[in-house]
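Listed next as structure tokens is one chain, alone, in the form predicted on its own.
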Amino acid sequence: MTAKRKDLLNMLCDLSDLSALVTGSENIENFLQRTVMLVSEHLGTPVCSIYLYDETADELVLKATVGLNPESVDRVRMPSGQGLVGTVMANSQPVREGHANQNPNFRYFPETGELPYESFLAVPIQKGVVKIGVLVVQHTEADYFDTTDVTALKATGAQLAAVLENARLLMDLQRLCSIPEKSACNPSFIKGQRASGGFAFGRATVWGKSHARLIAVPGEAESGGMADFRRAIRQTAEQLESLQQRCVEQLPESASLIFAAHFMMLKDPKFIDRMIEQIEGGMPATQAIREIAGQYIRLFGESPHPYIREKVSDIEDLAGRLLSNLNPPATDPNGNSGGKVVIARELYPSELLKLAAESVAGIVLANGGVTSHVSIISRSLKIPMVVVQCPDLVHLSEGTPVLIDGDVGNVYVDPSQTIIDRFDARNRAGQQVAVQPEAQPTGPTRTLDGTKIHLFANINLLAELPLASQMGAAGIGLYRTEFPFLIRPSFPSETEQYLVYRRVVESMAGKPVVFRTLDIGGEKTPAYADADIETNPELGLRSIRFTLAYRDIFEQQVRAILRAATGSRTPAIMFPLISSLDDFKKARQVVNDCIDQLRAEGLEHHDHPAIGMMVELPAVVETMPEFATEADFFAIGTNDFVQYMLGVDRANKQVANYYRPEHPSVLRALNRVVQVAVAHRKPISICGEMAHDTAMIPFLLGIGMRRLSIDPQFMPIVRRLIASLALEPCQAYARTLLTAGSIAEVQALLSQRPMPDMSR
């Protein structure tokens, strides 16, 4: 037996009785330090380190080390998936490198002093599916570690898993116990998922608990007579009218209906008169409101229909406002969320609009998931929003200071003055940059060698149209027509849709506008649709399948688009989630039938719009030649395209690491689709998040993409990047990427992508 193999066997024997190592340690930190010393000694490596996973922050934290700067313990943190250590954590696979700093994933932390160490070996510490941390050894000698070392270190990690899991839990418990009366998920700092960028700082108010006033506080006297009650009704009506007007100004799509249910209940004898009867019978007004509202809440909450259950929030909201006007709280005499940070388990789009009308500062969703329509509306309204895995946050005391960093996805509960000052300074700097007028684009976007690239805007709400024009958009490449549906309490009529679509057409002053037909279903199903609950909604009755199933809704929308497009030179209608030529032809026939109807009715309309389709499903890739003979144009929706190509729900944190736009199959499929469209001389654009991904734009240009449709705020940075790239290097780069057979190969090549010309 070689000396090295003997040392490895001795190490495993020494670690076999970890209970003795724990018992002999003064504390957890001492145990971790003794462990890295033992591993370092037996492997003959100058460096051994243990990183533990902090679930709440989704970060790896250096907790013990031999060989690196001891002051870097607890200071070095990295997100899962970043750096070599983060890659081990994310993939649950060992990483062995003979020249670590040459790996594109290598990340250097100056405080560790690790540059001299060439060889790197790390293994995950994992118990079942529970990720605990990473065990790392390093050596100054290049190519020091071999497969025997990998096997031994994996065995060591497996033995450490159970003890280190307990160590991590104990450290979490110590941290929680050291800060009383704070949220159990993490008392002061919560790492979340960004949904809408921006910075917000304000007092917390819990949505759904605000209406926490509906629950009588023990010892609090009920109060108010008939005169007080009628005064509260008048004040509530005035406040709702003001909010309604502000909502209409911000979001014309809402068509004054966001607070319609509130007004109807204020005028409903069955609701208000029952309260009056109780007050006339001697019951205090506050108690009458709570009792009658509570009866309605229980009745609506038990309904099997989502549309009815959604009305519970309207009742809670109205009753809470009445109570606030009867007995105004000292901290919030108007009973609204203005200037506050709202914490909620979930929000309907209509509720989000109410908060926008009240000028909410920011929003934290504490249910651990975010629906795309709520996050998109938040971005459109410029409301910072972060989603966290922290249900206990809804128990936070009202009025607790909360700071949101929507750009990164962090939430700070009761932050220190140092943190507040730091973010205030960053916010002021950002505002100064924002007010500096940027030179307006003059003419089309071109590459360094003169190739024209068309930059179109993705539009969700009418409020974004001015920014699209300001940013010099060549037109609207994607108008998401579902948002007027999602933010309203009922299906909009043909006339209501026409008024919205007409404003879109007029705002573009003759530039192209592409209307995507209704893309609801899945996670974007309005409650009033009262659709059946589906086991797998993303594979269910959504998008074009929904509209073909409900032809009356489809026809109303198509008619509204055709009427709104009157006088426009370049209107276009695009169908989402097309999977077969048969469905495309059915949808196109609906458009033709609507043209015939409008002509027969003598209504003005556009009678020859371009008709295209979204490329989102793998089924389209192999049948692109057939589609190219029928469709007038194509748009690739990369968000769904990647999801369906790889079978990954990107909103599911457990599998989010598998959502890889750089997957070789995705890149090759994109290339195939583009080449067919170009060969048939059919315009093709890309309108998903990949279109503004600066790492992917050289590839997209290289495969022949000449149209990008992006959110308006991304236009300046995308325009500058395109202007600094030459087409020929992008084409060569794309050809190289398309030869890569693994994600790792692609990632390595992405780090060497064509660099912008800095000489300009």
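Since we're looking at a predicted model, the values are computed, not measured. All residue numbers are counted from 1 along the displayed sequence.
Below: the form predicted in complex with a small molecule, not depicted.
Under a 4.5 angstroms heavy atom criterion, identify the one residue in Val134, Ala366, Leu478, Ala357 near the small molecule in the predicted complex. None of the others qualify; the residue that does is Leu478.
Among the candidates Asp317, Asp149, Glu253, Glu482, the residue which, in the predicted complex, approaches the small molecule to within 4.5 Å (heavy atoms): Contact residue from the list: Glu482.
So in the predicted complex, are Arg516, Gly637 and Asp640 all sitting within 4.5 Å of the small molecule, heavy atoms only? So, yes: the whole triplet contacts the small molecule.
Looking at heavy atoms inside 4.5 Å, which stretch does the small molecule contact in the predicted complex, given the options 685 to 693, 79 to 87, 137 to 145, 230 to 238? That would be 685 to 693.
Would Glu616 sit within 4.5 Å of the small molecule in the predicted complex, counting heavy atoms only? Yes - in the predicted complex, heavy atoms of Glu616 and the small molecule come within 4.5 Å of each other.
At 4.5 Å between heavy atoms, is Arg650 in contact with the small molecule in the predicted complex? Contact with the small molecule, yes.
Looking at the partner-bound form in the predicted complex, is Arg542 within 4.5 Å of the small molecule by any heavy atom? Although the small molecule is absent here, Arg542 would touch it in the predicted complex, with heavy atoms inside 4.5 Å.
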